[in-house]
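As a starting point, one isolated chain is supplied in structure tokens, in the form predicted on its own.
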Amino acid sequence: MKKIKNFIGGEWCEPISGRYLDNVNSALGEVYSQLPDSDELDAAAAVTAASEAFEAWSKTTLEQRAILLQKMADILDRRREEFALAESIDNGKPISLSLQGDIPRAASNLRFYAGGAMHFASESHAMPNFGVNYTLRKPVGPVLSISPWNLPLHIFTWKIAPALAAGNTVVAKPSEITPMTAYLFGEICQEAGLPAGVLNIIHGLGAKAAMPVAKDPRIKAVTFTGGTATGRILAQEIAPTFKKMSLELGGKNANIIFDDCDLDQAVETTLLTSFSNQGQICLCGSRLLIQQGIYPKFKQKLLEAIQKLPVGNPMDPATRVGAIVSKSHFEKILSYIQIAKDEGGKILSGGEKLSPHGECANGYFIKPTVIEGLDNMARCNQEEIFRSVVTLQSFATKEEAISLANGTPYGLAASIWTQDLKQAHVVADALDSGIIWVNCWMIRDLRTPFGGMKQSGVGREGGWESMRFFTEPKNICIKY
């Protein structure tokens, strides 16, 4: 059985305790590898390596950083199929999604911030007849990056690329549920010639592996993507130290579908917003708000389309909905479906375990689920499930739609479906969401700010927002 190792100071390291955790292939329901059960000793070693490497790395030229990030992207492109296979085995997502989405996007992150290293600029402010202010942006120092299990390599690179481009060193802690591609990424670092200690990758549980890093005074900033409950704990620990924090947390996103929408396009895209990656994307639309005039027709078309969705073995190129990432998450989703039933919800589709034939018979699969009849305060409309479960609600006016959409503790993303441009602008402006799509979904420009409002997070990442987060501004005033 393959044993993953930590990557610290440019070397592959066994956990100091000698303890390992099981890593499960969720489509088969079987342990297939092990990862380090890292603790404070491994964390301290990683922080030491990052701290010792910082001075030299922070003084490298922008061109050197850009060249190394480009090399990493080139190697990842060359190994795309290997990484895609590892991602799908680890996560349960369809191999087609890993090949066409996750791994290419990870390479794009590296290339984008290679360019960012070369083009990120500071500001100057002239004061007529007096002098000039100019701003220097210096790397903050060693930083901690904590990435989630839903888009393992994509978000891993989304965080480390701007940190490295800005001249920081990194301790990265990927999810213990999906560690494989982060582990393989250490090989890319070695092949590309990244100096030892610039990127350190430790595996294990958040409380034992990541928290000691976060609390270490040598770490100057923390970037985290994950659940709101975990983010709250992390914030409570970090806040007294006054370190920089970026927290991209949960969502309960609404798709607002008006009577005048392009109905076929809205249904087709809703399949993606609801069930891509088994609904395990923070940007997925889990609450479908449908105007009364088209509610019956939209519902019928959606249910018909769901019946045609291929669900099953992630290794089958035809599969569009794969396995739930872990047994515990599988059980959580089923428990929420039961809660919906108890609260009076009607299951229109799915709502139960799926047992594919063959080698996936013991895997963690749930049929794409649609529920109607719940009010907006029902738990399945208020709490993040992170699943292939959506609820249907009808509305009469745009004011009611806005009220329903904003009526949760979250504010990450939303989509609006209408042919009325004025209506789109009015509704988009009124929504308490950090990311809004009109007549589309998941069209991402890496230059734009990414993040949410309310309990969906603190701060923004993406584009220059990430480069600013990973740097400290210093204003210098010169009198003429």
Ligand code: NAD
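Keep in mind the model is a prediction, meaning the values are calculated, not measured. For every residue, the number given is its place in the sequence shown, counted from 1.
If you look for the form predicted together with nicotinamide-adenine-dinucleotide, you will not find it shown, but the lines that follow are about it.
Asks: Can you pick the stretch from 383-391, 366-374, 303-311, 188-196 whose heavy atoms fall within 4.5 Å of nicotinamide-adenine-dinucleotide in the model of the complex?
Replies: One stretch meets the cut-off, namely 383-391.
Asks: Considering only heavy atoms, tell me if P179 and nicotinamide-adenine-dinucleotide come within 4.5 Å of each other in the model of the complex.
Replies: Outside the cut-off, so no.
Asks: Is there a non-hydrogen atom of F395 within 4.5 angstroms of a non-hydrogen atom of nicotinamide-adenine-dinucleotide in the model of the complex?
Replies: F395: no, not in contact with nicotinamide-adenine-dinucleotide in the model of the complex.
Asks: Although nicotinamide-adenine-dinucleotide is absent from this view, report whether E248 comes within 4.5 Å of it in the model of the complex, heavy atoms only.
Replies: E248: yes, in contact with nicotinamide-adenine-dinucleotide in the model of the complex.
Asks: Taking nicotinamide-adenine-dinucleotide as it sits in the model of the complex, is G227 in contact with it (heavy atom to heavy atom, 4.5 Å or less)?
Replies: Heavy-atom contact with nicotinamide-adenine-dinucleotide at 4.5 Å: present for G227.
Asks: So, W149, S175 and M211: all three within 4.5 Å of nicotinamide-adenine-dinucleotide in the model of the complex by heavy atoms, or not?
Replies: Yes, each of W149, S175 and M211 comes within 4.5 Å of nicotinamide-adenine-dinucleotide in the model of the complex.
Asks: Which listed residue (A107, C282, I201, L289) meets the criterion of a heavy atom within 4.5 Å of nicotinamide-adenine-dinucleotide in the model of the complex?
Replies: Contact residue from the list: C282.
Asks: So which of I155, I402, A165, I103 gets a non-hydrogen atom within 4.5 Å of nicotinamide-adenine-dinucleotide in the model of the complex?
Replies: It is I155.
Asks: Heavy atom within 4.5 Å of nicotinamide-adenine-dinucleotide in the model of the complex: which residues of 205-220 qualify?
Replies: Counting only heavy atoms within 4.5 Å of nicotinamide-adenine-dinucleotide in the model of the complex, the contacting residues of 205-220 are L205, G206, A207, A210, M211.
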